[in-house]
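Taking the form predicted on its own, here's one chain by itself in structure tokens.
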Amino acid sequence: MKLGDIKDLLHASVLTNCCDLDMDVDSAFCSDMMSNVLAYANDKSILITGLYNAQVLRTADMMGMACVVFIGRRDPDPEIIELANELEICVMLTRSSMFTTCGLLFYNGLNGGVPSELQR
């Protein structure tokens, strides 16, 4: 799925100037625990989180993720957006809940990227 499709599905705003909306991603990972992201996410994934801090961007950068989707009713601090631009990580913001965000993406064909050892 292209980042532009994700933006449209989630009615999201793009908050950074480094977002390639034609980029393909093959999965999404949702967590507020960055240790889980480090353990289970993959580099062709987007990160969906309600945690608004620099550690989220540092984790996404370490994992090679190109996009972070923040969920919630408030805007990230300008320092977060500045760091995302420096790291060249696309940041989107959707006002939808985490449940709705993940459900919309799953329903429209984006998988969760669950490692095979965790699948039944």
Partner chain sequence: MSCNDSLHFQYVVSKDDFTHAGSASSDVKNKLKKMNVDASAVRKVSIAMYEGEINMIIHAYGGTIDVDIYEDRIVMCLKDTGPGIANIEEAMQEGFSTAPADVINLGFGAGMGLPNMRANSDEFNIESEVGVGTTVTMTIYFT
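Residue numbers count along the first chain shown, from 1. Keep in mind it's a predicted model, so treat the numbers as computed, not measured.
What comes next is about the form predicted in complex with its partner chain, which does not appear here.
Peer 1: I81: heavy atom within 4.5 Å of its partner chain in the predicted bound form?
Peer 2: Although its partner chain is absent here, I81 would stay clear of it in the predicted bound form, with no heavy atoms inside 4.5 Å.
Peer 1: Please check if N85 has a heavy atom lying within 4.5 Å of any heavy atom of its partner chain in the predicted bound form.
Peer 2: The answer is no: N85 has no heavy atom within 4.5 Å of its partner chain.
Peer 1: Check whether R58 has any heavy atom within 4.5 Å of a heavy atom of its partner chain in the predicted bound form, and answer yes or no.
Peer 2: Answer yes; at least one heavy atom of R58 falls within 4.5 Å of its partner chain in the predicted bound form.
Peer 1: For C90, is any heavy atom within 4.5 Å of its partner chain in the predicted bound form, or not?
Peer 2: No, C90 stays farther than 4.5 Å from its partner chain in the predicted bound form.
Peer 1: Okay, which stretch from 67-75, 45-53, 22-30, 91-99 lines its partner chain in the predicted bound form, with non-hydrogen atoms inside 4.5 Å?
Peer 2: Partner-contacting stretch among the options: 45-53.
Peer 1: Scan 24-43 and note down the residues that get a heavy atom within 4.5 Å of its partner chain in the predicted bound form; none is a fine answer too.
Peer 2: Heavy-atom contacts to its partner chain in the predicted bound form: D32, M33, M34, S35, N36, L38, A39, Y40, A41, N42, D43.
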